[in-house]
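Next up is one chain by itself, shown in structure tokens, the form predicted on its own.
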């Protein structure tokens, strides 16, 4: 199975017909992989995602 970085490079090549042109482009793709992993680590920990009804109730209570 390809790593996320390899998958990004394959996708760019498939959609754009180009390979990452230089090392900075590869580093930017690697940074994207790190950002995705960071968001995945937060999955299920955010209260808004867990209890959207509570957020709506708070809005209605603030409304008055």
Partner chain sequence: MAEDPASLTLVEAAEAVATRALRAVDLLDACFARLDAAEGRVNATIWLDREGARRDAEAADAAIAAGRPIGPLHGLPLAHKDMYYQAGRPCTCGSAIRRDFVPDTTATVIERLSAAGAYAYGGLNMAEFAQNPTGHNAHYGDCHNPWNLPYITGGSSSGSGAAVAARFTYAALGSDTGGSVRLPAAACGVTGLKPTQTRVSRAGVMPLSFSADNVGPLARTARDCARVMQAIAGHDPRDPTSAREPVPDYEAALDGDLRGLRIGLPQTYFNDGADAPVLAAIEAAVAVLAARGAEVIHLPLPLMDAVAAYGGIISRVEGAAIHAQWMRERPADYAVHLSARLYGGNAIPGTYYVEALSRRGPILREFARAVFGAVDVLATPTIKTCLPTLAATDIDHGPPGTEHRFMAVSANTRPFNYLGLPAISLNCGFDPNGCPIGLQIAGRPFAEARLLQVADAYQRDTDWHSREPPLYKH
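Just so it is clear, the model here is predicted, and its values are computed rather than measured. If you superpose the two forms and keep the largest set of C-alpha atoms that fall within 1.5 Å, you have the rigid core. Residue numbers count along the first chain shown, from 1.
One more form of this protein exists, namely the form predicted together with the partner chain; it is left out here, but the text below deals with it.
For residue 59, a non-hydrogen atom is located within 4.5 Å of the partner chain in the predicted bound form, even though that partner is not displayed. Although the partner chain is not shown here, in the predicted bound form the stretch 10-31 places heavy atoms of 12, 16, 17, 18, 19, 20, 21, 22, 24, 25, 27, 28, 29, 31 within 4.5 Å of it, in sequence order. Annotation for residue 37: C-alpha shift of 2 angstroms or more between this form and the one not shown, rigid core superposed.
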